[in-house]
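Here we start with a single chain on its own, the form predicted alone, put down as structure tokens.
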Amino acid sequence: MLLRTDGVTKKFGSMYALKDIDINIEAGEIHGLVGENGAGKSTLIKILTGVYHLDEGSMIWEGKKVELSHPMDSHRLGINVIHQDRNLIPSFNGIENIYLGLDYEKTGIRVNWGKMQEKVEKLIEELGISVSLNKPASSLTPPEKTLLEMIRAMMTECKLLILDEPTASLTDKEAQILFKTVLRLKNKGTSILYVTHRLDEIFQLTDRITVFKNGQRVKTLETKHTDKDGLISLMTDNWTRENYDNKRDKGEVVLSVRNITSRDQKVKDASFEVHAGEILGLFGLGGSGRTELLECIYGLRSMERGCIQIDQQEVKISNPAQAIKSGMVLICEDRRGMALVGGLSVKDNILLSNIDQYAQKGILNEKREIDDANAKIKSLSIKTTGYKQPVIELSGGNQQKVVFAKALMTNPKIFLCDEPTQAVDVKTRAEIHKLLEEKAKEGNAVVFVSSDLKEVLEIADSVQIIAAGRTRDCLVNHNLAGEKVLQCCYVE
């Protein structure tokens, strides 16, 4: 046995983040860790990597009790983690990023870059990985960035690799590249702790699965002896997705985008339209320009040319403030980097987009602020200790609910959603779907971007294909097969 925890407990104030956790990871196994947002998965990862110190219990590593009071203690044992938020320096190339935190090879007092590259290339060959080492990280694709971090983790003797939502922003094809590498590492004897909300991946990769709920371990079971429904039942107290009536009448065109080209040429002559009551899926492979197109529409990315119409009236949008005034809101892909201010409270984040509405003649109406924030907390079932809690302390799914609460405060009629369910649990994902379906039924227009094709087909009325920055076919989602969508993505 590689790792065992006995009675591991972690508290924040009077609240238990983890309580009496017993888990074991065998050498050379892929061990899945699942649970709703806030179940305690991230807390366990931070304890295993020395970021948090446990309050009670013990950790046994290769038969010996160990104390992890610093990330370097964990690293020396051979524990490495790859977070869903990539830890790369954008301007550094592959070699420079791989050697972050490692001792450089030197000849005398000079850095021997040639020897460093030779060492990395040898490891890449052993792992069967293909990735450019000379490009800056900013120009790499999402799977290439993930592979780069995996190479860095394997530069030292890595015995346990923790993967935290590794495919959160990857398409199905890109994820398969990652899976091949994970299986190669397993075959080399490396243990993998695989944390994800994508249950299909759990069943494709893992040997055993541990289920967390409310900071406690519910059960550990062999993957071959369970199924998706069984896992969901263990995670959610037998919760099932509500059958929501998504029959909607499609109205007039609300948003029309014509011949948009961005100054950086990431988007080239893109066009589409969305009707009232419609959820339009915008789907493409990694690097297709999905995010960049939404950023052009919302005023985050400069346009070279093109026309945007709202309710058949042309609008000029050069910044997000103008987009919001036009009735538009963007749920962006990077919630922590672009949508939330981690150090501010839940209330302050919810009110960020329309804070000026709470002041009159220089006097702030704090009671109205609190009432409105609490109303959104209640309506979206945001799990928090109260409106004063810093948003950074919430789980990923509850942070995403705060993002939606902030968006709803502006009363938008157009929702631009870029990976709105990324790295959230199955229950929160269903709640977000239901919210968007309700908004569409009220006559709003929704543009929905996801790397998960199955999710797009689950929620969208039509699917607009985008590839190499250009829009292609728009497919009606009536008995639409995923293979048909992917064919359209690949056709030149």
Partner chain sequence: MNKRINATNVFRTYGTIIAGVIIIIMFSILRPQSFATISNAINITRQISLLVVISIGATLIMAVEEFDLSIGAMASLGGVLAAKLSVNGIPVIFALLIALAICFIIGYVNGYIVTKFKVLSFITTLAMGTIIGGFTFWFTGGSTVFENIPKGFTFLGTKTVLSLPLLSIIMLLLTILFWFIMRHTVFGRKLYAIGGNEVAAQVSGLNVKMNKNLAFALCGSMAALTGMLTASRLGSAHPTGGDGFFLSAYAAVFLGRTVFKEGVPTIWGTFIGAAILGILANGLTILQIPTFMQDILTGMIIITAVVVQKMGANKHE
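This structure is a prediction, so every number in the text was calculated from the model and none was measured. Numbering follows the first chain given and starts at 1.
There is another form of this protein, the form predicted together with its partner chain, and it is not shown here; the text below is about that form.
Participant: Though only this chain appears here, would E174 touch its partner chain in the predicted bound form if you measure heavy atom gaps against 4.5 Å?
Facilitator: No, E174 sits far enough from its partner chain in the predicted bound form that none of its heavy atoms falls within 4.5 Å.
Participant: Looking at the partner-bound form in the predicted bound form, is K347 within 4.5 Å of its partner chain by any heavy atom?
Facilitator: Yes.
Participant: Whether R336 contacts its partner chain in the predicted bound form should be assessed with a 4.5 Å heavy atom distance threshold; does it?
Facilitator: The answer is yes: R336 has a heavy atom within 4.5 Å of its partner chain.
Participant: Is D311 a contact residue for its partner chain in the predicted bound form, using a 4.5 Å heavy atom cut-off?
Facilitator: Output for D311 is no: heavy atoms all beyond 4.5 Å of its partner chain.
Participant: Which pick from G306, P320, G287, P136 sits with a heavy atom within 4.5 Å of its partner chain in the predicted bound form?
Facilitator: Flagged contact: P320.
Participant: Can you pick the one in L77, V131, M150, C332 that has a heavy atom within 4.5 Å of its partner chain in the predicted bound form?
Facilitator: The residue from L77, V131, M150, C332 that makes the contact is C332.
Participant: Quick one: which of 114 to 122, 276 to 284, 207 to 215, 353 to 361 gets within 4.5 Å of its partner chain in the predicted bound form, going by heavy atoms?
Facilitator: In short, 353 to 361.
Participant: Who in 289 to 310 is close to its partner chain in the predicted bound form, meaning a heavy atom within 4.5 Å?
Facilitator: In sequence order, Y298, L300 come within 4.5 Å of the partner.
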